[in-house]
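Taking the form predicted on its own, here's one chain by itself in C-alpha cells.
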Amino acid sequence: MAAALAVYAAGLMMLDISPTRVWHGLGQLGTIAGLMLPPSAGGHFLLYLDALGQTLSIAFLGTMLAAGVALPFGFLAARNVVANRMVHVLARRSLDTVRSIDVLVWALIWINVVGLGPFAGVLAIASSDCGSLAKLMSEAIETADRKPVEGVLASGGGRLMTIRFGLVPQVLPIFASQLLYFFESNTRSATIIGIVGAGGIGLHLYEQMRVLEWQEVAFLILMVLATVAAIDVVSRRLRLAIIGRRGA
C-alpha cells in the first residue's frame, strides 16, 4: 500500500496535478453549469433527434459487425477447440493487438480511409470491439462443460457436430448477454467518436461547445443520458431473461 501511494504521489507531481488548480477551477465549472440552464434545443430538436438515431445506428451496426468477426476468432482462440498451439497463440496475439487500440484512434484511422461520416464510426466500433468480444467468447468457450461435448462424441458426432451441439448451446446465452452489454457501452462510444467526425450526435455536441452554446450542449447531454438510461434498463432485462433469470 505504501508503494502504491508513493507511485500515486509521484504521478501527481510528474503530471502537474494540483488540488489547488482543481479548487480554483470549480468556480469556472459553476459558471458553465449556470450557462447551461435552462437546457434548450434552440429550434434544432428534429435535427438532434435524427443525429441521435444516427448514433444508435452506428453503435448497433458496429456491435453486430464486431460480433460477426469475433465469433470465429473466439473459437480459434479457445484451447478446448483448437489443439494446434501455434494457431491458438496467433489468434490470441492478433486479438490482443486489435484490442490494444482505442476506439478513438480507430475512428481517426477509418476517417482517413473512408472519409468523414457514420461509416467510419461503424468501422471504428467494430475494429475496437472485435478483439474484446473474441477474448470474452474464447474464455466462455474454455469454461464450458465437457459432458455435452463428450456425449456428442460418444454418439458418433464429428468435430463440427461437437461444436454445434455440445458447445454452442452452452455459450450462446453468454454471447448474447455480452453483445447487449457492448451495444449499451458503444452508444456512449459512438457519441465520443462523433466529435472527431464520425457522425452522430457527438458532432453537434462538439460544434455547440465550440460556439459556447451551453444551453444546447446541456440539451444534447440530457438526450444522450436519457437514451443510455433507457438502453441500460432494456438491455438489463434482456440479459437477465437470456441467462435464465427473471427479475427487475
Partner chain sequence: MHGFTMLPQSQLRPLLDAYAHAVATRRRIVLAGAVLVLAAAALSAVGAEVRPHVFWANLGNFGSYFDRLTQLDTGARVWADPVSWYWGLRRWSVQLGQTLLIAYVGTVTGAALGLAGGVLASRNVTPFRALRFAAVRVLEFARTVPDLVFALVFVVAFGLGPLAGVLAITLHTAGTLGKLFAEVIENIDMKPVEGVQATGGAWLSQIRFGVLPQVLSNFASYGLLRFEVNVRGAAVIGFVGAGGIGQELIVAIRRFYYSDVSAMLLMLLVCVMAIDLASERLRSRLLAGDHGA
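We call the rigid core the largest set of C-alpha positions that still match within 1.5 Å between the two forms. Positions refer to the first chain, counted from 1. None of the values given here were measured: they were computed from a predicted structure.
Quick note: we don't show the form predicted in complex with its partner chain, though the next part is all about it.
When contacts are judged by a 4.5 Å heavy atom cut-off, residue 167 does not count as touching its partner chain in the predicted complex. A residue is said to contact a partner when one of its heavy atoms sits within 4.5 Å of a partner heavy atom; residue 219 fails this definition for its partner chain in the predicted complex, lying far away. Its partner chain is not drawn, but in the predicted complex it has a heavy atom within 4.5 Å of residue 58. Contact check for residue 205: a heavy atom falls within 4.5 Å of its partner chain in the predicted complex. Note on the partner interface in the predicted complex: the residue among 37, 49, 209, 41 having a heavy atom within 4.5 angstroms of its partner chain is 209. In the predicted complex, the residues of 169-204 lying within 4.5 Å of its partner chain by at least one heavy atom are, in order, 188, 192, 195, 196.
Relative to the superposed core, residue 12 undergoes a Cα shift of 2 Å or more between the shown form and the other one. After superposition on the rigid core, the Cα atom of residue 230 is displaced by less than 2 Å between the shown form and the other one.
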